[in-house]
Ligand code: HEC
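First, one chain by itself in C-alpha cells, the form predicted alone.
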Amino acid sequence: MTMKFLISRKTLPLLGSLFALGLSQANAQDRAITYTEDIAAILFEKCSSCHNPDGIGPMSLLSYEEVRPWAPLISYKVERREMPPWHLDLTVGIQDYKNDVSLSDTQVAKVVNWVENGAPQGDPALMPAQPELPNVGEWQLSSLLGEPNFVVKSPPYNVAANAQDQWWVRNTTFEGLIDKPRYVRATELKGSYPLGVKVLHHGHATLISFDENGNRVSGPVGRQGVGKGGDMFPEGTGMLIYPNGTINWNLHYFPINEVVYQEQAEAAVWLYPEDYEPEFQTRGEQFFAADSGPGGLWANDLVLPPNSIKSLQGVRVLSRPALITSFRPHMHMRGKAQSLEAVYPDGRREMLARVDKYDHSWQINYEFAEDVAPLLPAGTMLMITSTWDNTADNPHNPDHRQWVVFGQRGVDEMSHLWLGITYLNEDQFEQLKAKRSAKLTAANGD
C-alpha cells in the first residue's frame, strides 16, 4: 500500500519553523556549557547570598575570576549535594518548601559538565547582571515589612579568637517598648555588623512576660541560626506579647581568628496594627523535647561510645489540633540524621520530613509550603528519630575515639528540634481542612 503525503503551500512555513526549532534545540544541546551563559545565573541565584565579600561563605563567587580557581571544589560539593546547604532526604517526606535553596538535577548536571570540560568562561557580553545582594547589616525582613517596631540588644560579650565554641546566657528587661498587649507579625535575630554576624552560630531571644491574670507567658522575639533567616508568621497568625517582662538571651558563638569585642546580638520585632486580633494565635517556633521516656528528644542521658552509631526516638502527643509550618533539627557534630513522623489516631503513619545529611555548621529551618504544611488532628503522635555517627566515616567528627555525652558544647551532643507550630481549636482545624480539600479538588479539575 502506497502512502501519499500532500504538502500545501500553507504548511511549508510551519514545517520550516519546526525544522528550525529542532536544529536550534540540537545546537543548544551541542553547545559547550559556559560560565557566562549557564553557570553564573545558577551561582547568582543559589550561592551569592553567602558567597560575597560580606557573606558567611569562605570565598566570593561573583565573577569568573573568583569562581574559576574553585571550580573543581564547586563541582565536588554540588554533585554530592553538600552545597547549597539543603540536607533533606529527597526520597521521603514532604518535598515542597518555601525556602528551598537546593539545585535541580539539571542545574547539578550543568555545573558538573562545565567543570569536566575545563570550566570555560564563554562570551563576557552574555554575562547576566550582578545579583542584588542582601545588606547583612540591615534587617532582611525590612524589604517586606518596612522597619521593625522595636529592636532589643543583648548584653555585650567578648568572643575570644580561635577558641572553643562559647555560650552567652543573660537576661535583660523588657520595659517601655509597648504599652499594652500586642500581636507580633514577625521577628528576626542577628549578630552585630560586621563581625558579630560571623561569630553568632545560633541563638534565641525569648520574651518571658505575664498576662493580665499573672500567668507566665513566653515566646520568641528572635531565633537565629546559620542558614536561617527571620520568622514571619502566616497571614492572619500572630503571637500575643505583654508589656512587662524580661528577655532571655541564649547565644551560641563560634569564634573566628580574631577577637570580637563587645558583641551585642539584636532582635527586631514587627507588630500587627494596634487593636488587630489575628484569626490564629501561635507561640512561634517551639522547642520540642520529650516529657518522658528513655533518651527522649532532649537526650540528657545520651552516651555515644567510641566508633559507634546510635539512634534514639522520642514522642510527643498533640493534645490539640495543630498546623506545623517549619521543621528545624538540632544535634551537634556527631549528628547524622533526624526525622519527624506523624502517627495518626487511626494508626496510620506518615513521614513528614527527614534530614539525612545533617551538618551542625548549618541551622536550616525547613519552611513547609502552605498547601502541604502538616495539618494534624488532636491525638496525633509526633515521633522524632535522631541518629549519631561517632565513627571515622563522619567527616564532621572531631575525634571518633572519644566517649560523647550530652552537653552544650559542639563536641558534646544533643537531640531536639524546633517546630513552627500553631495550635488550633476544632473549628479552626475543620475550617483549614475543608479549605485545603477544596484547593486540591480545584487543582485536579473536579
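All residue numbers refer to positions in the sequence shown, first residue = 1. Small disclaimer: the values here were computed from a predicted structure and weren't measured.
Beyond what is shown, the protein has a form predicted in complex with heme C; the following relates to that form.
Colleague: In the predicted complex, does every one of Lys46, Lys77 and Asp359 come within 4.5 Å of heme C, counting any heavy atom?
Modeller: Per the other structure, all of Lys46, Lys77 and Asp359 touch heme C.
Colleague: Of these, Met83, Ile241, Val152, Ile324, which has a heavy atom no more than 4.5 Å from heme C in the predicted complex?
Modeller: Of Met83, Ile241, Val152, Ile324, the residue with a heavy atom within 4.5 Å of heme C in the predicted complex is Met83.
Colleague: Of Met414, Leu61, Met383, Leu419, which one comes within 4.5 Å of heme C in the predicted complex, counting heavy atoms only?
Modeller: It is Leu61 that has a heavy atom within 4.5 Å of the partner.
Colleague: Would you classify Ile56 as touching heme C in the predicted complex, given a 4.5 Å non-hydrogen atom cut-off?
Modeller: Heavy-atom contact with heme C at 4.5 Å: present for Ile56.
Colleague: Heavy atoms within 4.5 Å of heme C in the predicted complex: does Leu103 have any?
Modeller: Answer yes; at least one heavy atom of Leu103 falls within 4.5 Å of heme C in the predicted complex.
Colleague: Would you classify Val112 as touching heme C in the predicted complex, given a 4.5 Å non-hydrogen atom cut-off?
Modeller: It does not: once heme C is placed as it appears in the predicted complex, Val112 has no heavy atom within 4.5 Å of it.
Colleague: At 4.5 Å between heavy atoms, is Leu73 in contact with heme C in the predicted complex?
Modeller: Taking the distances in the predicted complex, the answer for Leu73 is yes, it comes within 4.5 Å of heme C.
Colleague: For the chain seen here without its partner, which of 387-395, 46-54, 405-413, 373-381 has a heavy atom within 4.5 Å of heme C in the predicted complex?
Modeller: Checking each option against the 4.5 Å cut-off leaves 46-54.
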